[in-house]
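Here's a solo chain for you in structure tokens, the form predicted alone.
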Amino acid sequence: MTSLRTLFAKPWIWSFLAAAGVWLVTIVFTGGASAAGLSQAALTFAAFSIIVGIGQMFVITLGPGNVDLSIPATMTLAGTVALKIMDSSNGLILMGLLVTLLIGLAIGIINYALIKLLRIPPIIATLSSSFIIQSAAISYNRGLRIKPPSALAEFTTATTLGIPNLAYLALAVSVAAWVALEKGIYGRWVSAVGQNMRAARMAGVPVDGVRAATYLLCAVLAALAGLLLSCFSGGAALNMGAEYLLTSIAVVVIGGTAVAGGFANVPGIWGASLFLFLVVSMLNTYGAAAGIRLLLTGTIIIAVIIAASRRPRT
């Protein structure tokens, strides 16, 4: 009983329970015929939410007001530019990855420069930069849809031992994030800044450097997710990152990360990402109209957040 009580005290457990419940309802409705396919699809599409969600999680952990709204535009620009540079050639994959990294770093620098130098609130700064980034993507793309290199296309759509390759990649990012938060000095600094920025500064924490590094990290992960999504879908589209604006925030909140800052939760990102995909899949299975899907999805999300908020964070 004690172990169960300890387990249910974990804020991330509620997102996993919700995901398991939705998965079970969907499987029962389909008579179990779609169990394997649904599980693989959930792991595949959740991987994108996990990667961008982890970046957003670090930003939100910095404290109230910190959020990155440039994630969708960053994904679009990175996917568009990288595919055009690689030009469907496997020999240019490393160049495409390098460009993706540089785009993420550049956008992260721009975002934090707007926040720090111009003293613009993060939500306004990143929203403003997103318009510039999206305009750059539109100008660079000009309606072209270039196919990704075959090696990247195969990697993003293939499975290994029955598990999607994208899920392994998301797991690697998650493990690195967990180690940084739980074992690394950077993670302790992020939590300290989020708990009390003034106290962290007085304690010797390089607050400005930590905040800058966090916005850079978020932008780099968004750029990586954009490249992977464009390769998975067979090309970059100008609206491909749109759904990840609210999703990147929702998976953080549902996953148990404190919106007020100072507390991050990596496992919860997985449960929340799987949950959000499975909710949409379940409602599509039942043939629910778009309005009903949105209403029920919002209601379920609120219920999960309320359930998680009633448990102490440990």
Partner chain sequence: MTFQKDNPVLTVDGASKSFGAVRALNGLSFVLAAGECVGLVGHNGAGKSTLVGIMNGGTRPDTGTIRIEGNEGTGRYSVAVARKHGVRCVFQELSLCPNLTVTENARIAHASIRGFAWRRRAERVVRSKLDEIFPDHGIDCGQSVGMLGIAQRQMVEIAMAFSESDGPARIVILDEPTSSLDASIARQMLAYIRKFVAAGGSVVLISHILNEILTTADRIVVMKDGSVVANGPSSGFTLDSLVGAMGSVVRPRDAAAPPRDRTDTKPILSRRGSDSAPEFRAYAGEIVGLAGLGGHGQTETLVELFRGFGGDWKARTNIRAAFVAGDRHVDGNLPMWSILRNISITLLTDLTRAGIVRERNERAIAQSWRERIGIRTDSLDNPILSLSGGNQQKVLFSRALATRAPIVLMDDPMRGVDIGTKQEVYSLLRAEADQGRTFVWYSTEIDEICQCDRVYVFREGRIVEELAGDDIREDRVLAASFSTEAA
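No experiment lies behind these values; they were computed from the predicted model shown. Positions refer to the first chain, counted from 1.
One more form of this protein, predicted in complex with the partner chain, exists but is not displayed; see below.
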Problem - Heavy atom within 4.5 Å of the partner chain in the predicted bound form - residue from Asn165, Ser174, Ser191, Asn90 - result: Ser191
Exercise for the section: Note which of Asn196, Ser233, Thr159, Ser128 lies within 4.5 Å of the partner chain in the predicted bound form, where distance is taken over heavy atoms; exactly one does. Expected result: Asn196
Practice task
Specify the contacting stretch among 77-85, 223-231, 128-136, 175-183, defined as having any heavy atom within 4.5 Å of the partner chain in the predicted bound form.
Solution key: 175-183
Exercise for the section: State yes or no: in the predicted bound form, is some non-hydrogen atom of Ala203 no more than 4.5 angstroms from a non-hydrogen atom of the partner chain? Expected result: yes
Exercise for the section: Check whether Tyr244 has any heavy atom within 4.5 Å of a heavy atom of the partner chain in the predicted bound form, and answer yes or no. Expected result: no
Exercise for the section: Report whether the minimum heavy atom distance between Pro121 and the partner chain in the predicted bound form is within 4.5 Å. Expected result: no
Exercise for the section: Verify the contact flag for Gly261: yes if a non-hydrogen atom of it lies within 4.5 Å of a non-hydrogen atom of the partner chain in the predicted bound form, no if not. Expected result: yes
